[in-house]
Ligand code: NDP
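Encoded as structure tokens, the following chain is the form predicted alone, with no partner shown.
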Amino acid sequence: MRAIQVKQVGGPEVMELAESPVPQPKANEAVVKLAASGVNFIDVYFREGRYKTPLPFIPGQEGAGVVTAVGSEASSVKAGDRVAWTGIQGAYSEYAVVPAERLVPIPQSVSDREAAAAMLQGMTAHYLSHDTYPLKQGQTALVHAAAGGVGLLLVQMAHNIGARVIATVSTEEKAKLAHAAGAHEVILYTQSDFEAETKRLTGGKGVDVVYDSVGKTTFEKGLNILRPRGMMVLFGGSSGAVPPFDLVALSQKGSLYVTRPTLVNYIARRDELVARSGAVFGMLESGKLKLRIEHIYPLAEAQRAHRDLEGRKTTGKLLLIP
């Protein structure tokens, strides 16, 4: 089978297309023939070495396809099932081996590409808006990178809950996407200071929650726009890691909360995984959630996909097709 291999950490150029044996399942595993693989910033973190994993490895944390073989103790899936997963390395490939309990069924009305696009980013948007800071009708949220993969889904979910959404984006084109997803106000951070503009839009009161996947360049100003006892939800760092800061600042700015969540802790048990993925698939089936799959690359062009993602040339979801 063909697969992308990383033998040493570094830039996109370290990802090489290579031939590997088709994996065989252990007792509790299943082999999946991939129809689509999701491309996410976490893949960049592993490729760079920011997140550690043994070398060499096949990147990719998200995929969808058909089960071709199961181990002797795998009871939750069978050959022929359409399944999706996230959080297991190895999706930049034609076949992947996955623990059976981490596979979820794909509803008939959801395509393989939609499933691959929705697992990581859809469940991330879901836990952020429903659990980390459970938004309520009438509250106000600021969403950074609102035209990105998670951003567009998070804006839709927040809008459907009845929250007021203030979005930040870099271009007029991305502003249109954020508005279409349900953002009430959109700030072009390349033209306006988002801190000053948010304070103006909220009459100086601040927002209830900031959902920040950008990190280094937005974090400090984000704290300044929270209402007293508001929450900073830092779930990514596309601009770099947030430097250490004095926790006393949280009391000085209004007894603020800060959390650094990650999806793995919100789908740790199988019942959580099935329920959360089912909720996201249900939103897709009902039309309450719309995916934007804008960029589809052949597996051999994984390097270009990463360059586009890191260069912020993309909106919505990126997929690799084996």
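A residue's number is simply how far along the shown sequence it sits, counting from 1. Fair warning: this is a prediction, and the values are worked out from it, not measured in the lab.
Absent from the display: the form predicted in complex with the named molecule. The rest refers to it.
Check each of Phe219, Phe194, Phe235, Tyr95 and return the one that places a heavy atom within 4.5 angstroms of the named molecule in the predicted complex.
By the 4.5 Å criterion, the partner-contacting residue is Phe235.
Name the single residue among Arg164, His126, Arg82, Lys174 that comes within 4.5 Å of the named molecule in the predicted complex, judging by heavy atoms.
Exactly one listed residue reaches within 4.5 Å, namely Lys174.
Just to confirm, Gly316 within 4.5 Å of the named molecule in the predicted complex by heavy atoms?
Yes - in the predicted complex, heavy atoms of Gly316 and the named molecule come within 4.5 Å of each other.
Heavy atom of Gly230 within 4.5 Å of the named molecule in the predicted complex:
Result no; Gly230 lies far from the named molecule in the predicted complex.
Considering only heavy atoms, tell me if Phe46 and the named molecule come within 4.5 Å of each other in the predicted complex.
Because no heavy atom of Phe46 falls inside 4.5 Å of the named molecule in the predicted complex, the answer is no.
Is there any non-hydrogen atom of Gln121 lying within 4.5 Å of the named molecule in the predicted complex?
Answer yes; at least one heavy atom of Gln121 falls within 4.5 Å of the named molecule in the predicted complex.
Option from 281 to 289, 52 to 60, 259 to 267, 22 to 30 whose residues, in the predicted complex, bring a heavy atom within 4.5 Å of the named molecule:
Looking at the other structure, the answer is 259 to 267.
Asn40, Ala145 and Arg312: each with a heavy atom within 4.5 Å of the named molecule in the predicted complex?
Yes, all three are in contact.
Within 4.5 Å of the named molecule in the predicted complex: residues from 152 to 189 (heavy atom criterion):
Heavy-atom contacts within 4.5 Å come from Val169, Ser170, Lys174, Tyr189.
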